[in-house]
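The chain that follows stands alone, in the form predicted alone, written as structure tokens.
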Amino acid sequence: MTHESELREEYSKLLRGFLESGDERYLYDIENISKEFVRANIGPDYILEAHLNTLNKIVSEFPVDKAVYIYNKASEPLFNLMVAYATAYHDYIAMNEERYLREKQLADELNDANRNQEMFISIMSHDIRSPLTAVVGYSGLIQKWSNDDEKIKRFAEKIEMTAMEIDRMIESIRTYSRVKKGNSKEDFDEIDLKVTLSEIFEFLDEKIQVHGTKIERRYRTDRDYMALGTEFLKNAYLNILDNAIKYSPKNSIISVTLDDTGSDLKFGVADHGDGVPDEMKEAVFERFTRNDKCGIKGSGIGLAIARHAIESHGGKVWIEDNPGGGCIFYVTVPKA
């Protein structure tokens, strides 16, 4: 039984009770039920129909003179109901208008906060990157004019690498802010995930070579894997693969899968690292959270970017244990 029919039945009982007993307590209950009609978004036409249907059933049991009396008597509860309904509806409109204004104020404050955050990140990026450029430049000069002093060269290289790592962290924070902001429909375009992965492997090639990692592509390369995506989706896959390389032992194998599951495309990255404990499988997708920081450089923001990017595409990301040791990151996104 729907809520509308339940209210209609309840009103019919109250009306019949008043007409049979004349007890004015029924009028009080009728006034209260009017608020339920308003909350259920039931209009006066529906209420009047319920009133007349109930009244017709009652008077059909009596002769004409008695029926006329009952019709006249029934005007009082109907009047009470309509007045109470009008009052409740007025209060309902006022309450919703107040809530709308309050929500609009909160939305405006949130937009201002987002704009201030964007401005802060932009200023931070510019003001920090300017001296970082100088640091990288001067460290290069130190290396050049070190007169083959290996110790000085090594220190200068560390300075340069640290400065470049700070620059990457700033870019990650900017990316995270943009991902959190969300995408508009105009940002989406059809992309082939097979092509996207090839571009990522090319970008990570130097890191793959240095780490001695072997990438095992376990998916068909003679077909397309089309999805609706933005630049952030590519960034998500990049962060997940980069994370797998970081946490895998050197000279190990990383298996990459890409499957068509019907409505979705399922991407998987299996490594043979130390794995992720069950209690950390959700936490690693939060900002600045990492399972094990020992010997691993980075802010821990990459997987947070990946999750927000994937979810903004209507997809999901999660971690499972790799039966051969390590873990498997899975990503699903809707097909184009």
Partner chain sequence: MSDAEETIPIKDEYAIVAARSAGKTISSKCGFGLVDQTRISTAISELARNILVYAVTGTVYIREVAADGKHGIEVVAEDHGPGIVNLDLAMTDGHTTGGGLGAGLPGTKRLMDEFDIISAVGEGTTVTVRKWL
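Residue numbers count along the first chain shown, from 1. In this text, rigid core is short for the largest set of C-alphas that superpose within 1.5 Å between two forms. As the structure is a computational prediction, the values presented were derived from the model and not from experiment.
This protein has a second form, the form predicted together with the partner chain, left out of what is shown; the following refers to that one.
*Asks:* Quick one: does Glu24 come within 4.5 Å of the partner chain in the predicted bound form, counting heavy atoms only?
*Replies:* Yes.
*Asks:* Tell me, yes or no, whether Ala88 is in contact with the partner chain in the predicted bound form, where a contact means a heavy atom of each within 4.5 Å.
*Replies:* Ala88: yes, in contact with the partner chain in the predicted bound form.
*Asks:* Lys35 versus the partner chain, in the predicted bound form: is there a non-hydrogen atom within 4.5 Å?
*Replies:* Contact with the partner chain, yes.
*Asks:* Please tell me whether any heavy atom belonging to Asp274 falls inside 4.5 Å of a heavy atom of the partner chain, as the geometry stands in the predicted bound form.
*Replies:* No - in the predicted bound form, heavy atoms of Asp274 and the partner chain never come within 4.5 Å of each other.
*Asks:* Every residue in Phe79, Met95 and Glu98 with a non-hydrogen atom within 4.5 Å of the partner chain in the predicted bound form?
*Replies:* Yes, the whole candidate spot contacts the partner chain.
*Asks:* Could you tell me which of 35 to 43, 53 to 61, 277 to 285, 264 to 272 sits within 4.5 Å of the partner chain in the predicted bound form, going by non-hydrogen atoms?
*Replies:* Selected range: 35 to 43.
*Asks:* Just one of Met226, Val136, Val83, Ile166 has a heavy atom within 4.5 Å of the partner chain in the predicted bound form. Which one?
*Replies:* Exactly one residue meets the criterion: Val83.
*Asks:* Cα of Met82 displaced 2 Å or more between the shown form and the other one, core superposed?
*Replies:* Shift of 2 Å or more: yes.
*Asks:* Following rigid core alignment, is the displacement of the Met280 C-alpha between the shown form and the other one equal to or greater than 2 angstroms?
*Replies:* Met280: C-alpha displaced by less than 2 Å between the shown form and the other one.
*Asks:* Take the rigid core as the frame of reference and indicate whether the C-alpha of Glu31 shifts by 2 Å or more between the shown form and the other one.
*Replies:* Result for Glu31: yes, a 2 Å-plus shift.
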